[in-house]
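Taking the form predicted alone, here's one chain by itself in structure tokens.
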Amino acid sequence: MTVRIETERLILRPFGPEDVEDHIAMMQDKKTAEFLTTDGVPRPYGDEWRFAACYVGHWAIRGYGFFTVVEKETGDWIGRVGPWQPGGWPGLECGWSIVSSRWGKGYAPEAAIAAIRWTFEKFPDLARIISVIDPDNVNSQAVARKIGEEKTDEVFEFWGHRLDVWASDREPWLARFA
């Protein structure tokens, strides 16, 4: 896949096999796992490896998926951001996770805006983009607001875990960020 998106500070490219170990390392961090695993703790290596394989496979199955996020200045792998819709998901989501050492630098909204712009270009009939967010994850809620999403009344149950659905309709989003 030859997709490459550049922002002022970041490079986004399709999540691939070369990203698996970096992703596992990110997910072993307790601060990262707190809201991204159903029990709030890091998953065993093998479980996280299977999730990473799912991200690689999502590109093969859907033709899109999470992007790896690389910091331009250092070349460091700093997370994953982008469109995601596994079977049974409540809509096409823009998800994000940045390594905790880079939190607070505005990387998640910068990457998410670029990924959403790409997603709306790829899918001209897509009416809205969503994000599913743990109700206690105030950091992700702040990112959602920065990228033009608002909390809806929808709730998505994932493996017994209740997640809020945040969303932005296409036209208002494009008017603000295109």
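What you are looking at is a predicted structure, and each value in this text was computed from that prediction instead of being measured. Residue numbers here begin at 1 and follow the sequence given.
In what follows, reference is made to the form predicted together with a small molecule, a form of this protein that is not presented.
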Full three-residue contact with the small molecule in the model of the complex, heavy atom 4.5 Å, for 89, 124 and 170: no
Interface membership of residue 36, the small molecule in the model of the complex, 4.5 Å heavy atom rule: yes
Might residue 119 be said to contact the small molecule in the model of the complex, defining contact as any heavy atom within 4.5 Å? no
Classify residue 105 as contacting or not contacting the small molecule in the model of the complex by the rule of any non-hydrogen atom within 4.5 angstroms, answering yes or no. yes
Taking the small molecule as it sits in the model of the complex, is residue 85 near enough to touch it, meaning that at least one heavy atom pair lies within 4.5 angstroms? no
Answer key, the small molecule contact in the model of the complex at 4.5 Å (heavy atoms) among 133, 52, 115, 130: the residue is 133
